[in-house]
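Form predicted alone, single chain, as structure tokens, below.
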């Protein structure tokens, strides 16, 4: 298997590059915990580009309203049909916010309706075991956003496999730091990113 490359989605609307340190942190976690061959740096991939289809997992985030172009929608439909997993994380962690409202509208146009993932979903056992479902982030209760802990992630499956994973938990803020700072954490808060990558590569 060729090496895994972490890809960040670039889209024409919004602030797609709002978590610039996250890719390096996820790459560090893949190298640290697994035997997966991983590229030392991530890439930025425009959603409207044919290069989107090179990557089994693409990460998308932002704070601002999201409106996909016709070309971006068409590419995402084909990306899903080919089995690619789009991981969308709301950098506002706010179900009443503009990113959540507009992103879910756009994603529903492309993928159909999103459904909550049960705690028993294979994603939560793909590498590390998260018996309570998605780990909580410190940013969910910091007085910003909707001040709620989101108990579940949402997604869309095709033929028993996730093609869309949607999060209001703001992993983008939680994981947006230099990997060397992990040594100050009692528990590495990026471990769930390993599950997402392993799931995307093995399901």
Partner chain sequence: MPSRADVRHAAEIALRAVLLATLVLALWRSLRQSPSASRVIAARTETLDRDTRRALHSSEVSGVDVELSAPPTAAQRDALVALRRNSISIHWRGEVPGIALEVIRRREPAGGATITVIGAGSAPLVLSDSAGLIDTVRAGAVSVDVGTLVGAVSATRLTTLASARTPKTTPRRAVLVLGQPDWEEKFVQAALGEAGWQVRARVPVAPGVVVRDDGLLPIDTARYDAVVVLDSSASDLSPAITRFVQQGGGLVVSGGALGIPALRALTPAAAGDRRPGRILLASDTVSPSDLPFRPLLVREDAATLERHVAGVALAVRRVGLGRALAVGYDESWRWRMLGGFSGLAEHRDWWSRVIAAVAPERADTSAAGADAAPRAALIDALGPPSGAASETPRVPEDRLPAILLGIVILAELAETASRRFRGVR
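Residue numbers count along the first chain shown, from 1. Not measured: the values here are computed from a predicted model.
We do not show the form predicted together with the partner chain, though everything after this point is about it.
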**Report entry** Candidate site 34, 78 and 83: all three near the partner chain in the model of the complex by heavy atom within 4.5 Å
**Finding:** yes
Query raised in the report: Of 164, 57, 47, 60, which one comes within 4.5 Å of the partner chain in the model of the complex, counting heavy atoms only?
Result: 57
Query raised in the report: Counting only non-hydrogen atoms and a 4.5 angstroms cut-off, does residue 123 reach the partner chain in the model of the complex?
Result: no
Requested in this report: Although the partner chain is absent from this view, report whether residue 111 comes within 4.5 Å of it in the model of the complex, heavy atoms only.
Outcome: no
Query raised in the report: Would residue 87 count as touching the partner chain in the model of the complex under a 4.5 Å heavy atom rule?
Result: no
Query raised in the report: Which residues in 86-109 have a heavy atom within 4.5 Å of the partner chain in the model of the complex?
Result: none
